[in-house]
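Next up: a single chain in structure tokens, the form predicted alone.
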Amino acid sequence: MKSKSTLESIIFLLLFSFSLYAEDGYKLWLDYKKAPEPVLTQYRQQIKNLMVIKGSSTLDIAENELFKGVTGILEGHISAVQNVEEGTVLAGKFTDLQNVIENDFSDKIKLAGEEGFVISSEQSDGKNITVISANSDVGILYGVFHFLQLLQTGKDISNLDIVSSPKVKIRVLNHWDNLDGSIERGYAGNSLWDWESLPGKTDPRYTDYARANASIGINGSVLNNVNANPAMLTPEYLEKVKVLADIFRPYGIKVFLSIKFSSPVNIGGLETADPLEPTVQEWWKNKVREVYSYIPDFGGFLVKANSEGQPGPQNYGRTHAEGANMLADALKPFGGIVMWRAFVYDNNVPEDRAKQALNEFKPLDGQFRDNVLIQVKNGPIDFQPREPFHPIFGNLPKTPVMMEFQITQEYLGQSTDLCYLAPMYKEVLDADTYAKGKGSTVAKVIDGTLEGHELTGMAGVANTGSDRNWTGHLFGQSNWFAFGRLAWNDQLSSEEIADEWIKMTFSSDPKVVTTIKKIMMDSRENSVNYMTPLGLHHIMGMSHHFGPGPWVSRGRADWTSLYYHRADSFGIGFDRTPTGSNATGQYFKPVADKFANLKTCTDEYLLWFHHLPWNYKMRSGKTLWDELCLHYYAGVEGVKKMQAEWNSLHGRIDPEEFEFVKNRIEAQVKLAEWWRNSCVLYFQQFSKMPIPEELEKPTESLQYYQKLNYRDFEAK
């Protein structure tokens, strides 16, 4: 029998070992785990020491990251050298490396541009080395992170020849964070920004946030909610913003602010915010000058105006262009930009909400200053599980248009559901607008290549918060990661990005990678099926937007579900063809014809564009009613399959992470069943048709499901 002290020692060692192994998600995709054999042996032969030519705080960060990453991945000490030796990883600006390397790669470095980088296998005095070079300090930092990603994902580094530069210039997270610490549509705790403690006290998470963004090429952060508090522009808060800007700067991240258009009245003492009023223009010029006195590299303003009750230029009979241009003129001398949101609609206008944004902005094309970007949501309604691409893309050829994706899962199960969003992002980016003929993809509109715009951008509504794992759901991290990767390179595939994230976050174990990738790639379609199949949209619970609500009928018409699904005794769906609202007419002819014609409109968008009878014969040969039911049931079965696949990984990944996701998927199964039962029973009232015989029938009445509290379905 072992002594008490011996047993205590064993227990301590076991607990200590577990604590070293257990993960809580804080490290994100930057947990530099030891590389598996045989790549570990190869890497140790190819990487013997490191050398960074420094000269700035950004390059200090690059050096620290390189040492930290390589040491962790190779699980061993790496030497810093002053002179190039065999097996050196050498990082520095191109101008500092010209006398060190034998090959002149000036053509490559030109292609890298201001923020890009070159990673190449070179020789120096006959010694084999790996060079990470760029034209700027932040380019070197991006190159270091990419090199470490190559190691984390087990890539061959023996003959590297990489030139990488971002597709768009502005790659920014939009934080819908409020000054009281709450987050509108936030599902991961409170705001990262502790405004009460700033500027005197900072949090290490601010640096970790900047590091994570830099690792995926994000270069901007809008700190506050688009439904902005005018106090954000007061000296009290500018002092606080300055502290964050100073922390972010070495990581290549500029700070932006959302503003309230009526700020001259709210905090400036003026009687008007009319953009054509000289006193208003002068107020904004002085305010912008004040902002730059605190933050010399301030990025600019994000503006939500004349939307959902927010004030804007239309309050004074002015246009969006006149409002945006006033701000753009104030920012122009300092290099700042305006990101003017196109999310505008008016319930007093008897027009299909899907059409209103283009109706307002198309007549203004060419009237905006050259430092204005029109920020457009991916679809014409509001971040729904599936939408066709927004018709604005391609319809404003004279105006730079930037994408706004939602990373936080407002309509996709929030932090309960596992839903990988890269397939949604790619679905939109790869869509062909036909604005200038075949091949005029949304991606080409966004990256400026279609019309030759130099000012380009992509925004993501952030899903970060104070939760230890940053995003509420561990897999929510994959959507933050995917947004950054696609903002840098919109040609990456969803599968490539998933593969990277899995290996960097969990493991390179083939079983783990294959299983998790399948879960991720199936997840979004599962969500669409049990929420809004066949083109249905906006039928979620009112206000909280979590759980089913096809019965929502109170309030302004275009906030109700009935406005969108239009279910009646005849059928279901929103007629947006020329016989209805003619929203199809806002697209270029090949696309418009495809959406308007039942023979060519795909099932994914069928009820988005068509109101069809319940007995309409689908391509499958089934009736619309049967097909709708089958999709709802397939969604639930898909989540149950994800559950079984995840459970098969028990013992192969960190136990804490395994249990966390396991519990989340268990909650998602219940949520999916609630969606399915509620929607099938609700729509059955109108179809008067039986649920297909082979499907399990709901065990309760519609009234039962209507009375359930959505909070009972949130993952705890």
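Numbers follow the displayed sequence, beginning with 1. Quick caveat: nothing in here was measured; it's all calculated off a predicted structure.
Keep in mind that the form predicted together with a small molecule is not shown, yet the notes after this line are about it.
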Counting any heavy atom within 4.5 Å as contact, can you tell me which stretch out of 360-368, 570-578, 379-387, 603-611 lines the small molecule in the predicted bound form? 379-387
Residue (of Y237, F481, Y411, F248) lying close to the small molecule in the predicted bound form, criterion heavy atoms within 4.5 Å: Y411
The one option of E308, E496, D432, D329 with any heavy atom within 4.5 Å of the small molecule in the predicted bound form is E308
Does the small molecule get within 4.5 angstroms of any non-hydrogen atom of R341 in the predicted bound form? yes
Can V226 be called a contact residue for the small molecule in the predicted bound form at 4.5 Å between heavy atoms? yes
Verify the contact flag for E184: yes if a non-hydrogen atom of it lies within 4.5 Å of a non-hydrogen atom of the small molecule in the predicted bound form, no if not. yes
Please tell me whether any heavy atom belonging to K304 falls inside 4.5 Å of a heavy atom of the small molecule, as the geometry stands in the predicted bound form. yes
